[in-house]
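Just one chain is shown here, as structure tokens, and it is the form predicted alone.
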Amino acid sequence: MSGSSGRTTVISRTVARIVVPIILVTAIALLFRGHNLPGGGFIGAVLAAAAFALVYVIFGLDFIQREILDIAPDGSEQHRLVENYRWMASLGLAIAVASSLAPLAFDAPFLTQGVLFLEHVPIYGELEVASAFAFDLGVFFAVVGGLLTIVAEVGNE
């Protein structure tokens, strides 16, 4: 999949350039509204991974590594980008576990959610900050990192 940019059409590359940002914005919106409405870290991450998978198919893994993330290839068969995905999955898992264990430090049950209301915030007026967002963020990173690792490894086969 690393050299797919030569096998795709101008139409598919143009459509990908239009659709991928829309998918990523939708994924972030689903992540932010997850603790109050349908959505959350998992579905946002699946959508974000789908956007990156589309970029892999259309432009190839080398394009993302060199042109978007400015990561120089190290000459090995293994892409350095895949290592970063593994670290992202590990970091996400650590954030999710830490945020789920944090209530135990305050004598609250496992996975208890706390909510903080910030008032007089410019533009919003009042802003609700839920501790469940940390868990959603951890799930988001774990799922994106895991799915992109799978996509990149399968693409290298």
Partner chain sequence: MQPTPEVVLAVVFLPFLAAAFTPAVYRLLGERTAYFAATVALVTLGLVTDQYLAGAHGTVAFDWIPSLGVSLAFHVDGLALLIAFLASGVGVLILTYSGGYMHGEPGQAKYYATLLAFMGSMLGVALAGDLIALFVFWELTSLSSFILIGHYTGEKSSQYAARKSMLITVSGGLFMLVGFLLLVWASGQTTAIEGTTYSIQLLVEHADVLRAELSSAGLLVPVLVLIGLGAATKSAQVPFHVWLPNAMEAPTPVSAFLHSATMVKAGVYLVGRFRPLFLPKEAAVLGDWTLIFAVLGLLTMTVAAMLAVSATDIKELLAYSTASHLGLIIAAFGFANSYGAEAGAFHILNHASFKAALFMVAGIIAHEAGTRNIDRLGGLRKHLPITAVIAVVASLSMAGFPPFNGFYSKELLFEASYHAAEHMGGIAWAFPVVAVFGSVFTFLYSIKFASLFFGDEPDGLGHVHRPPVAMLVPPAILGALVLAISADPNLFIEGLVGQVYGSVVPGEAHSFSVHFPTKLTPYVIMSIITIVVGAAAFPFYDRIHDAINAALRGPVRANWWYDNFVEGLTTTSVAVTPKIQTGLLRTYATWGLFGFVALALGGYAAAGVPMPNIEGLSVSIPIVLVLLVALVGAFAVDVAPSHVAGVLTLSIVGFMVAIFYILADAPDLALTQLVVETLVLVIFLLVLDRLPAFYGDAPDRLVFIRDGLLSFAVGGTVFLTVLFSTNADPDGSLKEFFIHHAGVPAEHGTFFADFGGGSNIVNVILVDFRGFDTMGEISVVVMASLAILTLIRMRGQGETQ
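Because the structure is predicted, anything quoted here is derived from the model rather than measured. Positions refer to the first chain, counted from 1.
Just so it is clear, the following notes concern the form predicted together with the partner chain, a form of the same protein that is not shown.
Contact check for residue 37: a heavy atom falls within 4.5 Å of the partner chain in the predicted complex. Not displayed here, the partner chain is approached by residue 57 to within 4.5 Å at the level of heavy atoms in the predicted complex. Residue contact with the partner chain in the predicted complex: residue 116 places a heavy atom within 4.5 Å of it. Residue contact with the partner chain in the predicted complex: residue 49 places a heavy atom within 4.5 Å of it.
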